[in-house]
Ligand SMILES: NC(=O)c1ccc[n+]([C@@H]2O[C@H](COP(=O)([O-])OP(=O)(O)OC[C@H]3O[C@@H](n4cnc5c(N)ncnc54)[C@H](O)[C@@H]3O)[C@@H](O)[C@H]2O)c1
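Just the one chain here, laid out as structure tokens, in the form predicted on its own.
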């Protein structure tokens, strides 16, 4: 029994953003129809090391797997390593055979960006021409790539508390660095910060704006002023995860937002069970916490394409 082992460079070589967007869109549709299995994330908190690990299992469309991923925000300046590192094990659900073991660091960035692209396809205005980024780290590049798959070329406005990071991203994206208020005034806004206090004020948001809230991934984190959530059509990826650590978690815990105030899930929208954007003036928010169904769907296409191209190396772990 041979398992295909794939490095990050091999994953990158076969995983285009176009493929990632298609896989993630199909995964959300299946999730909306109730055709997936996705137990809750398991967290291993390690405050001694200023980080945590997460185990994320899922089953979608004949594929099963689990991602083991960390979040260590101090990694870049302490150890010269990415904040997020991950590995993925893809298995045959019928036999349990490990089909592949692959790097999931790039996979995680790609599937998160793809989710922003899918959400924007259904929730942003179809004539959107500009995107503002508040937070310009690694994930911003993936989100921009996905948005360009959906909308084509976009004007890019970048803001980061680290001005140099914003300038670098803006140059690479062919856009410009600006204040947060300018970034928040775009047709599509992507927030990608670890903030525990709002970085986007409601007065900055114009009618018709779509916001991809991508940064909040733990209790107490929030990027948007409460009023934005109260005034917007809020679409979550998964209620359980969003309640525990998504953009809505603080508003819910304070009683400033109720579960009944949420519009629904992205899966319901993609599956056609609920309409997405309904008017040009409504403000929409996608609360993205990152789902294991995204990982397994993208891992499957990586495995199939790498196998077709003869990439990676086969290892018999039972030898």
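What you see is a predicted model; the values in this text were computed from it and never measured. Residue numbers count along the first chain shown, from 1.
Here the subject shifts to the form predicted in complex with this ligand, a form of this protein not shown in this document.
Looking at residue 236, you'd find every heavy atom of it more than 4.5 angstroms from this ligand in the predicted bound form. Taking the partner from elsewhere, residue 208 is found to have every heavy atom lying beyond 4.5 Å of this ligand in the predicted bound form. Contact check for residue 165: a non-hydrogen atom falls within 4.5 Å of this ligand in the predicted bound form. Within 4.5 Å of some heavy atom of this ligand in the predicted bound form lies at least one heavy atom of residue 217. With this ligand left out of view, the stretch that reaches within 4.5 Å of it through heavy atoms in the predicted bound form is, among 153 to 161, 181 to 189, 122 to 130, 87 to 95, 153 to 161. 134 is the sole member of 224, 134, 146, 102 with a non-hydrogen atom within 4.5 Å of this ligand in the predicted bound form. Shown here without this ligand, the chain has no residue in 301 to 319 lying with a heavy atom within 4.5 Å of that partner in the predicted bound form.
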